[in-house]
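Encoded as structure tokens, the following chain is the form predicted alone, with no partner shown.
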Amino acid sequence: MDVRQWIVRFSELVTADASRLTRLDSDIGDGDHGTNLDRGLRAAVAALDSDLPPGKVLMTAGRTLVSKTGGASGPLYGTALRRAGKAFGDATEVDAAGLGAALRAALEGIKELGKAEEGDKTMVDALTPAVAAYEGAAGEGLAAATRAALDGAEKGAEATVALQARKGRASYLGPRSVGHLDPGAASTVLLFRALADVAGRS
């Protein structure tokens, strides 16, 4: 699987969905999630050389997101990608086990930085079931595991609608945060849709 294409596809999907992500963030946050993430990912794609190994691709994309993306999404996605890249180490190929370890490292990085757990109404609510679903299907190969991960992310994101936010700006709304899809969980679905798209071509 081409990890660079994963980031490229993620950027394409965020660009196409930036207005919806920003609208979701306007309901319960700063109202800039789509525009910020779109800008950061465009910069990340521009920073990627075509001959970088998987770990370097993710490390470079992560560093760029941190430096070019405003709000919380830059540090969170940047940390996730850098942790994933570090998990790949010097590997030159992506296999199901290696990607699973990278996704688990990304999840742990986000939880560590954001101090969030499942149920807080954050991107962790989509990422956690996605990683668990991937790990459960990893024995079936990359394409099947990434499709399972996408399904987990979609269900996890949808479940945030019923939750009351306990982290971030949305938590200031208290009970009024219930009934809204978390924008970070929504963009996490795009991350896994991009992964399933690219793995499905391999």
Partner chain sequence: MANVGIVLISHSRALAEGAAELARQMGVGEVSVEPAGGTEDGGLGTSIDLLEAAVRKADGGGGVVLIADLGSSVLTAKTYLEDLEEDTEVVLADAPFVEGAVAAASAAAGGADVAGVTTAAGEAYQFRKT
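Positions refer to the first chain, counted from 1. Since the structure is predicted, the reported quantities are computational estimates derived from the model, not experimental observations.
From this point on, the text means the form predicted in complex with its partner chain, which you will not see here.
Only one segment in the set 173 to 181, 61 to 69, 130 to 138, 46 to 54 has any non-hydrogen atom within 4.5 angstroms of its partner chain in the predicted complex, and it is 61 to 69. By the criterion of a heavy atom within 4.5 Å, Arg169 is counted among the residues contacting its partner chain in the predicted complex. Not displayed here, its partner chain is kept clear of Ala102 by more than 4.5 Å at the level of heavy atoms in the predicted complex. Taking the partner from the other structure, its partner chain in the predicted complex has no heavy atom within 4.5 Å of any heavy atom of Val124. Taking the partner from elsewhere, Gly98 is found to have every heavy atom lying beyond 4.5 Å of its partner chain in the predicted complex. Three-residue candidate spot Ser26, Gly31 and His33; no residue lies within 4.5 angstroms of its partner chain in the predicted complex by any non-hydrogen atom. For the stretch 69 to 99, the set of residues having any non-hydrogen atom within 4.5 angstroms of its partner chain in the predicted complex comprises Gly70, Gly71, Ala72, Pro75, Leu76, Thr79, Arg82, Arg83, in sequence order.
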